[in-house]
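Following this are structure 1 and structure 2, which are two forms of one protein chain, each written alone as structure tokens.
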Structure 1
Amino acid sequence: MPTGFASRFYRLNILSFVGVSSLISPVLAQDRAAQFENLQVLPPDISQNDLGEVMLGNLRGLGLRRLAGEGCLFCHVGDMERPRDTWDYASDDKPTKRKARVMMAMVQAINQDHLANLETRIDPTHRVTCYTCHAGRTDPRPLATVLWEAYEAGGIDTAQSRYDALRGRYFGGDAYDFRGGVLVGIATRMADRGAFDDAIAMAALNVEVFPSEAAVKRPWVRLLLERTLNVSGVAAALDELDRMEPELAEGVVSPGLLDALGWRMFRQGRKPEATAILSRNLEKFPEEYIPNESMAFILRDRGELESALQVLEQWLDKHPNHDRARQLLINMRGG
């Protein structure tokens, strides 16, 4: 067996083998003659110890249970009610087995044909494994995709239940990104579809999970305002914000709140509403850069280039070392 084989194939996907007892008792398995069948990617002369290490890596990479070989049945044909020496490890009947072989070849190609050809690499070099994408779960898709599929299948209650279940099982590990921005993205996608009640419910769940984070509460408020805007108009939405603000935690009503809502309106072609929202933002936060920048863009879009330049020039008079404003002024003058 070539030196370093185990490290090259560690945590690769499951292939067929006989003598799987090496996964549970690798020391005892060394004394038994191994006869492996239907190996198409791993070398046919692989030792039981090396094969056992590969299989254990597979189990860890996909988060499968090692106990009594239960995780092996994800790909291999067998039954927990029957002795393991009766299982048909060589069978390709399960789609997961056939898929695993393709994935193993892919991982091998990435490491040997692509990463190995990089001009410079970190020392010691990093290798792609099952865990790189799966991170301890059989479904490698990111959290946002899994939750959106649950939403499409069963609505907001199903999506929220799925989130609770996944967070309860995987929080603190590598499997899923449970930061607040994930649910914000899903809620915004629901709003884009016009499902504002669902969007607000998802954003409210996010607030429940992160009760002290202003950055999480802000999208929830924005969605409430957008729903009101769609039903009753921009003035009603701005009035609602005035009513809510005293009850909101410090930092929730920031320049980014109305700025995000204003630009959502702009991207939807609702320019008068966008202008009203961004104008109010500038009134509330005249000393902050973002409202000034947005107003400059809005004025330029309205064909009022001189007014846009004046906004930036006035800002730079107060903040002469503000590189972003200076660059924008240069760009607008050139445009």
Structure 2
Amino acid sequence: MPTGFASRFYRLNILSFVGVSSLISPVLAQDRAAQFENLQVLPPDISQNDLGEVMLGNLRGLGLRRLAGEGCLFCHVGDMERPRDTWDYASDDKPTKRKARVMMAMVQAINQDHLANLETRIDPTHRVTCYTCHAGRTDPRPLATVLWEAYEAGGIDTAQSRYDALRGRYFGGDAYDFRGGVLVGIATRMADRGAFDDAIAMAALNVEVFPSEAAVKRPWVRLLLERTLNVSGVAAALDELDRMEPELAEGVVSPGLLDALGWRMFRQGRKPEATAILSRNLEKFPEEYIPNESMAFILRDRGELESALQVLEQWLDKHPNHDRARQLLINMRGG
């Protein structure tokens, strides 16, 4: 059984434990008595197996290849063209090894000094590991951050090809969140700085990836409308929606579509546009709650509190058990 330091720390499964000696032994079997030369975080008397387990935890956490020890070279000095017993595991020449040592001390501190001191634990045996943050990649930053960096560096084409590459390599694992919302966030951020063509291209890529998801198509339509709105005004944007609507799949033009666009305008201080859009939304969907609620907010913002309360009261007449409307009414009426 794996006992001792490494297993207490990393709690790796038995399978990885079994594989250790074959990875480590070419280096170590020659002199079993030899101590490791340069351990600063791990206990100096750690067994070969436990050390191997920790190193395999590093590989797994960072998504490095275990095959033929290739992943070890991310941190250790050596060369795939030379026998492994010539590799210099004790050397600190690689910055990645020096950083990994800091990481190991950090993980140790999180587990021993912080998690262990919680008053109760969901699971007292649960440990933070490299995988907790790295989830199978060396750079633990989230998809949105990585794509935005690519965009800033090389524009929309670079951002899109980075997305394709990451999706090709990591889809299905824990490493990146490939749900549609991430690209929507990035496209919206592009729109925020006025780069509408890029934003629409990003949203269109998302539609390519999720061709049948209304929730992904909606932001694409919203960005098209917003571009038109900026160039030709709010009436032109609403006309464009009327033209597009018959072509769009069911559910794309939902109450949330114009609602989102209206509140974007509102947040930008463009209240006449916001009002026009939210009013049209209420005309389109009088029987849905969202457009009614938004109208109540708009009216209150204009100082027309009585009309705002009326909208909610009328809604509640028709839907007496609607908690959200009831609670909003309580709030708007005040103490």
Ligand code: HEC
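Structure 1's sequence is the ruler for residue numbers, which start at 1. Between two forms, the rigid core is the largest collection of C-alphas that superpose within 1.5 Å. Remember, it's a predicted structure, so these values are computed and weren't measured experimentally.
The form predicted alone is structure 1, not structure 2. Core-superposed comparison between structures 1 and 2: Ile122 shows a Cα shift of 2.4 Å.
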